[in-house]
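Same protein, same chain, two forms; see structure 1 and structure 2 below, as structure tokens.
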Structure 1
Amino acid sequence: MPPILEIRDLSIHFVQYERGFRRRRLPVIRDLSLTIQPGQVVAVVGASGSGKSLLAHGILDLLPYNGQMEGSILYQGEPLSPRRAEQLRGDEIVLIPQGVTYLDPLMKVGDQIRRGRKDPDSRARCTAALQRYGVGPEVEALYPFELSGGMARRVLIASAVVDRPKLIITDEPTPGLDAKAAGRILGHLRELAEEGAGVLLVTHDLELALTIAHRVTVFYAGETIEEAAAQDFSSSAGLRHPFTRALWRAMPQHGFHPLSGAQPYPGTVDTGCPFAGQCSRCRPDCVQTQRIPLRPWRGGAVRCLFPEEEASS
């Protein structure tokens, strides 16, 4: 069986105008490769500005007009062209976005989830989807502006998964929710994966990702710097890249040690490792090497010239 989603060497850039008609390319994602198998949750973790949300929109061909994409995306073994993405979007492939403004303010909740269908089966599935996320059937008669932020978030998720999609792309799914509600939603996403769907979880919260993910892809400045199994995060010794280790050390249960410095702005690092300015083990080769490849390493993958040295620290 082919993967639900396979991304190969994906790059996304924006065309921007400077003074007059002078144009420049602003690279935001470079050389990304990612695979999601049926029944698998893959988390993409990175700081704000690392390109995570653009990945979600790029898969569904929802980039802004000045965004351009290179590389290949396969869905169930076949190319996911813009036309095919449009046909599957909202049906087999769904996006759970960050903002609840994606809900139509002029349509009642029940009509949105059923997509206008009024047959008994659609009504039953609508009610069941809402109940799964702790929402009563009375909400079906309300408009989105009558809901609290947390309630609107749960309605948004219910509307996305009501038809049992095969690929669920979720971009920061739990903002504004209390810990109990967030845990319930994440648990349901894991259940959907166990029923055969593929789930791509985009988040800045490593601790949240590890509660349901099978594999974790770490983003930094628009590049994949590490791919690891979730169990590799049980200790820092199981990790491969110094930035991933810094993320691990910054978690509250590991001492909450912050990383000094800041992630470089997209397009400002053309050669070498983008993490070089924050890495305590940076060497001249880290800055001078034209492109550092993502390579297999100890059961995962890493974009680092000296991963073995990090693993032994």
Structure 2
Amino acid sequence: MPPILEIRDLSIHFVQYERGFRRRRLPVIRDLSLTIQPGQVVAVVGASGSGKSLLAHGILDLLPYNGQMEGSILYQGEPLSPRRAEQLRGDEIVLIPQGVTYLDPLMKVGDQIRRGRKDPDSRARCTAALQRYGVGPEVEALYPFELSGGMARRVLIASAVVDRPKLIITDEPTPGLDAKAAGRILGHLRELAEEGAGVLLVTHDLELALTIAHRVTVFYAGETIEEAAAQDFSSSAGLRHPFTRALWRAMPQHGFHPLSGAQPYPGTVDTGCPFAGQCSRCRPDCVQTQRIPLRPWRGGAVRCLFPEEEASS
């Protein structure tokens, strides 16, 4: 059985016009690769501004008009062309967006979930989908501004599962929710995976992602720097990239050690390792090498010239 989604060397860049005439390419995602098997939750973890949301939009062929994409995306073993993406999105491939701004402010919730269909079957499925997440049918008659944050999130999930999707892409499903509500939302996602769907979880919250993800892809300045299994995160020693280890150490239960410095904006680092500015193990080679490839390493993958060994701490 082929993977649900297979992304190979995906790059996304924007074309900008400087002073009206000169075209400039602004890369936001470089050489991203990931694979999602049926029933699997794959998390893409990165800081805000690292281009994660664009990945979600790119798969659905929903980039802004000046966005361009290179590389290959295979859906169930076949190339996901813009045409195919257009046919599949909303039915087999669904997006669970960040928040209530993704609902039309002037349309009732029920009408939006049903996408304008009014037949009894659509109505029943809409009510059932909401029911599944503990949202009563009275909510269908509400406008988005009348929903609470947690309610809006559940409505958005319900909107995604009205038709049985095979691939669920979710973009930051938890911000603004308390730990209990966030846990519940993630539980719903896990459940969808257990029913056989592939779930791509895009988030900045490593800790929450680890509660449901099977595999984790770490994003730094628009690049995949590590691909690991969730259980690799049980100890710092299982991780491969210095940044991932720094992320691990920054988690509350691992000492809450912050990493000093800031991530460069995507596209501002042309040569060498983008993490060089923040890396404690940076060597001259790291800055001088043109392009550091993502390579397989201990059952995962890493983009580092001198990956962390299992023994080092």
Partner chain sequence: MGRLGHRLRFAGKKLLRMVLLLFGVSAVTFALMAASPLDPLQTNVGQAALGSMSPEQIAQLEAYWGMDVPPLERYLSWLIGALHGDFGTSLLYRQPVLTVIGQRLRSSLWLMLTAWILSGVLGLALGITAGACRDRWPDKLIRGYCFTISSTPAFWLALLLLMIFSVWLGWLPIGLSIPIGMDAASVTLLDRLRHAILPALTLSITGVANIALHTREKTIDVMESDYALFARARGERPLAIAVRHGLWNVALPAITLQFASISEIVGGSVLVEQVFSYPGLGQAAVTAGLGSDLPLLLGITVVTAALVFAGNLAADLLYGAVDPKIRRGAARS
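Throughout, rigid core stands for the largest set of C-alpha atoms superposing within 1.5 Å between the two forms. Keep in mind the model is a prediction, meaning the values are calculated, not measured. Here, residue number means position along structure 1's sequence, counting from 1.
The form predicted alone is represented by structure 1; structure 2 is the other form. Relative to the superposed rigid core, Ile96 undergoes a CA displacement smaller than 2 Å between structure 1 and structure 2. With the core held fixed, the Cα of Asp205 is displaced between structure 1 and structure 2 by less than 2 Å. When two forms of a protein are overlaid on their rigid core, residues whose CA moves 2 Å or more are considered shifted, and Ile113 is one of them between structure 1 and structure 2.
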